[in-house]
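Next comes just one chain, in structure tokens: the form predicted alone.
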Amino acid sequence: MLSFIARRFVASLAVLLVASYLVYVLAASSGDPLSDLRQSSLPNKQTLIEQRTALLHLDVPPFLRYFVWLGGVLGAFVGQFNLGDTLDGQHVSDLLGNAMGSTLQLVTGSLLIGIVIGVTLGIVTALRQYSGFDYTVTFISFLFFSLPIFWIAVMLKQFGAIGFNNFLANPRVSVPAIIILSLLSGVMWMGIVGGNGRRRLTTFLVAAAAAAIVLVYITLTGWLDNPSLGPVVTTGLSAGAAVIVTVLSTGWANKRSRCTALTVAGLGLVLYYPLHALFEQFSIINIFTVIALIILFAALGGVTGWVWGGLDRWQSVRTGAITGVVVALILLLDRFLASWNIYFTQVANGRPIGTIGASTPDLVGSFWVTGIDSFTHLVLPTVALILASLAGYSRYARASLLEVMNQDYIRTARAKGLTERTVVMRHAFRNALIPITTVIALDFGALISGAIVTENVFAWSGMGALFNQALNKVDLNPIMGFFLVTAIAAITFNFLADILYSALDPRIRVSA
């Protein structure tokens, strides 16, 4: 392992040095960073030119000036890290820190959600190969993949923000809309569940009826005017999550895992009112306390699984920990919704879905109100990035799983009498993740550099916007800071992908 890490580090360092030198020289030769001053009519123009020349070392040839920049980067080893200054005299490291935080906030959620949805769709379509559901998902995925991202973003602003905000002025779902949406829900779940004709018809009727009941309830109660979950709905969602996690993790027949998951869901109900009281009394609530709460529920779930025990107690521990995380997220969602009315009326003025920027300017409020504000500004660019990446993840997952399902060891597992869930989740899915891991590593490394088009449409000040502005002004130091962050991210995530290969497939050794 250590020899592998050392070899990869040396090779990556050599590639990074050569690539950064080429980028620096090419970028420095692409334009004149003094052009704006040369064309100005300011009386002190010459003085400003001399000041910028001295600040950015523009009197040094580019192929030598690179080593001045490299010296600032290597100063990190002695505590004097310096990426230089912009044309305006701002520190590049400060700009990069702000841009990276904004970009990570944008792309992390879209990447994680896109992976979960895309891989899930890929698995389901692989198991329903050549069905109507398979063809429909394939068509929709490639439709969004082929559409320009700026067009998707503009349509989302028009219908996802302006249209939905107009709808919230009188949030009542019409009868024809209820019928159409209920039928679509029935068709979708019928395709996902599959089975014989009787099972498909039952699924269609149950899903359509459930969707109709929910939509009628939302309309009659005016739920969208003041959305909330409450202890009853929170408990129902927690119990449903416990069932789904158990089915996917070990199968519903595993009694100890089933009892573990349902016990964790019950703990969520027991802690519902104490947590709400704690949220109200404890004024210093921030993202770190939220993360601590999620970790605490995961630990409680793991301990619950350990207590239930059994011959394979780690199955119960895993099921309990995952259920605990989901229950914690449901409880947090309930608390956020409790502050929705304040945000809707006092901050958003009845139009909550934001279309510009990362937050409402000069917003002062509680953690819950500012959290809702961040979410409402994140939702549109996040959906745009998800739709653009969905086809890649779903197609890779589908092709990989189909290839694995035709292997001899899968037929052997079925011949041993294992259930289809065990065959798919324990034997096939793990090996199918290997090529998907490569795609995810490359995508995450690339997304760190920023989604330039999406950031431009939604006025998001991230890495992409920083790079675009620097490129237009031939501002070399921000360009090189952007390159450095992007290159290190790409190298790091490719290295992590190599490590994950050995974890997913024991036949792979990173020391080889």
Partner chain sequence: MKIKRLLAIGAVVTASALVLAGCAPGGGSEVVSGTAISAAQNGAMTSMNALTATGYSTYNSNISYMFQSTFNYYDNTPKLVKNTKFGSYSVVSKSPLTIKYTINDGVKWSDGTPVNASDMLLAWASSISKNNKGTVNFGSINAGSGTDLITKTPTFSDNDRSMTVIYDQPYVDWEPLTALNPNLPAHIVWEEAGIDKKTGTDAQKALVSAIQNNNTAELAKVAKAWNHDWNFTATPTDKKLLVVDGPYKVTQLTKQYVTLVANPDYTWGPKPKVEKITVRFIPDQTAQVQALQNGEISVLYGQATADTVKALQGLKGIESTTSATATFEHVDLTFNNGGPFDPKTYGGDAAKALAVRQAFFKVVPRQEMLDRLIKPLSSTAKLDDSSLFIPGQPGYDQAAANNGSSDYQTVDVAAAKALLAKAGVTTPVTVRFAYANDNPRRQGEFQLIQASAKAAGFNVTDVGKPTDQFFDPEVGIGSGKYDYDATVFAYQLTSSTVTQSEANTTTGNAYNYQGYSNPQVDALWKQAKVATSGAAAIPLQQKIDAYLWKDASTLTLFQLPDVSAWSSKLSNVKDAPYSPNIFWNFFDWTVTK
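Residue numbers count along the first chain shown, from 1. Please read all numbers here as calculations on a predicted model, not as lab measurements.
Keep in mind that the form predicted in complex with its partner chain is missing from the display, and what follows is about it.
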Checklist entry - Heavy atoms within 4.5 Å of its partner chain in the model of the complex: which of the stretches 132-140, 199-207, 160-168, 185-193 has them? => result 160-168
Next on the checklist: When the contact criterion is heavy atoms within 4.5 Å, does V154 count as touching its partner chain in the model of the complex?
Outcome noted: yes
Next on the checklist: Within 4.5 Å, heavy atoms only: does R430 come near its partner chain in the model of the complex?
Outcome noted: no
Checklist entry - Hey, in the model of the complex, is Q346 touching its partner chain, heavy atoms inside 4.5 Å? => result yes
Checklist entry - Though only this chain appears here, would R335 touch its partner chain in the model of the complex if you measure heavy atom gaps against 4.5 Å? => result yes
Checklist outcome for this item: In this chain shown alone, the residue from N226, S174, N98, Q407 with a heavy atom within 4.5 Å of its partner chain in the model of the complex is N98
Next on the checklist: To verify the annotation, which of these, V457, M480, L447, A470, has a non-hydrogen atom within 4.5 Å of its partner chain in the model of the complex?
Outcome noted: V457
Item to check | Stretch 342-356 - residues with a heavy atom within 4.5 Å of its partner chain in the model of the complex | outcome: I342, Q346, V347, R351, I353, G354, T355, I356
